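Taken one at a time, structure 1 and structure 2 that follow are two forms of one protein chain, written as structure tokens.
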Structure 1
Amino acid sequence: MKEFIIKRLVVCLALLVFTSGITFFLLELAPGDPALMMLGQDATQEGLTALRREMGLDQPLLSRYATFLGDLFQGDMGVSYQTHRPVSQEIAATFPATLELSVASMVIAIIIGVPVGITCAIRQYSLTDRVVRFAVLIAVSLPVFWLGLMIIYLFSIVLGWFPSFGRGGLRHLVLPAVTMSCYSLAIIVRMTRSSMLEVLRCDYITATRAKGIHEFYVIYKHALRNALVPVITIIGLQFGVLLGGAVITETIFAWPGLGRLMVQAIFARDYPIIRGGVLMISACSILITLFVDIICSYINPSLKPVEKS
């Protein structure tokens, strides 16, 4: 297992380097001049030239990437073009809000999604199963921005139950967390239902039932353990999606997280912030995937790496 983890960490590092390269070169190919955005349309050519030299934009592209990569390995993500603060400080100030929102959304999705999926599998083709599958189809199809606006209109404007923007107590967290959780909840319900149905059709479940064991133990002790492996995998993937997809939700609800910071940086051509945000989200997603693999190997020992003789 230690060798497996070390190999995966090396792969994770390589993926981060690859992600940094893709992000860097795509941003450099994007239209717009950061120096012009900072100085405005009335800037003189001399001022633009001096600022580009100060920002290192007058250097060749490969030279800039080599400098960026070298600084990155030393823990330096650069300095924001707007605030002139280190990117690491900007991310440290906003990422906890994004993490809080993503964790709350995933908790909602798991608490509701897994039991509902198990219920639908046990009562396949029942009215409950049909209604839930129809609701899942709607939840997957709804755009997040539209759903967020409708939730704000109903629960904030019409009913006045929750605030519609900002970060504060638990009441501020409810609407954005519910909005973000809908898609992941639907995916978890689908995966849990299909995984449970597949396991319940296995021969060992039939044999367990033939022994006269109570149905509760058949479902939750024997079937659920094996059915959880793909469910946990999809939960890990969805958590990474939530971290990256928080951009839209944070913008709608004015949630002061990393996603909203990146949107502001995109409009301002603040490339260091964009690069740092992408790398932070990528690193979290990769580490979550590694963590999920380790958990699945303990739930199902057959998934553990086999030692070579």
Structure 2
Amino acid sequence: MKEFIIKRLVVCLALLVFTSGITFFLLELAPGDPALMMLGQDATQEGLTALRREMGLDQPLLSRYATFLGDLFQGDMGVSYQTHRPVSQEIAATFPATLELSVASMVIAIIIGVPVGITCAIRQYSLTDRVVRFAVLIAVSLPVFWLGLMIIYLFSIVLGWFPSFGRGGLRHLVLPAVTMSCYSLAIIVRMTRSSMLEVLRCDYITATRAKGIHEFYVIYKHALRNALVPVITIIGLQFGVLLGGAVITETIFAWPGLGRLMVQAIFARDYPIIRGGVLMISACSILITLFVDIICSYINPSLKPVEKS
């Protein structure tokens, strides 16, 4: 098991290095002179040349990447062109908000999604199952930005139950978290239902029922454990999707997170912020995948690597 985790960690590290490379080189292709962006249009030629040298822009691309990678491992992601503050500070100030929103959405999606998926599987083809399947289809098709606006209109403007923008306390979190959880909730319901259906058809479940074990234990003790592996995998993937898609929800609800910061950075061509944000989110996404792999191998021992004799 230890060997498995170390191997996966090495793969993750390699993925992180490669994603940092892709992000770096892609943004280097982007038009515009970083020195000019920092100093503004009225900068002198001498000032520009000096800043370019200071930023290492006179160095070859590969050498710049090596410097960037070295700095990255020391937690230095460069300086924002707009605020002139270190990118790591900007990310540290906004990422907790994104994480809070994503975790809250995921908790809502899991708490509702898994039991609903199980219920649908137990009552396959019932009215409940049909209604939920239709609702799932609608939920995966609804544009999250439209859903967010409609939720604001109903719960904030018409009913006045929750604030429509900003961060601060549970009341502020409800609307953005519900909006963001909608898609993941639907995917989790769909996956739990199909996974449970598959397990419930297995012979060992029939055998367990034949033994006279209470249906509750058959479902929650015997079936759910095996049905959980694909569900946990999809939850891990959805967490990455939530982090990546947080941009939209954060923009609608003026949530001061990393996604919103990145959109503002794209408009301002503040490449260090974009680079830092993309790296942070993709690193989280990669680490979640690793974490999910480890959990799955604990839940289902057949996924563990075979020990060498």
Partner chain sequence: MHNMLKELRRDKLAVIALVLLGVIFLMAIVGPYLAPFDPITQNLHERRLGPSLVHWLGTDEFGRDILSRLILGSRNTLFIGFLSVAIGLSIGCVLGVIAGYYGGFADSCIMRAMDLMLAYPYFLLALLIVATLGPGMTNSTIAIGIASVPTYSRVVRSSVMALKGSLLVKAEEALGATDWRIIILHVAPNVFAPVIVVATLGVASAVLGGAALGFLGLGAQPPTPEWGVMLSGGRSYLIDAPHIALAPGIALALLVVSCNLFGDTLRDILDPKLK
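All residue numbers here follow the sequence of structure 1, with the first residue given the number 1. Not measured: the values here are computed from a predicted model. Between two forms, the rigid core is defined as the largest C-alpha subset superposing within 1.5 Å.
One of the two isolated chains is the form predicted alone, namely structure 1.
When the chain is split into two rigid parts between structures 1 and 2, Val247 and Leu101 fall in the same part, each C-alpha being assigned to the part whose superposition fits it better. When the larger part is held fixed by C-alpha superposition, the smaller rigid part is turned by 9 degrees between structures 1 and 2.
A C-alpha shift of 4.8 Å is found for Gly56 between structures 1 and 2, based on superposition of the rigid core.
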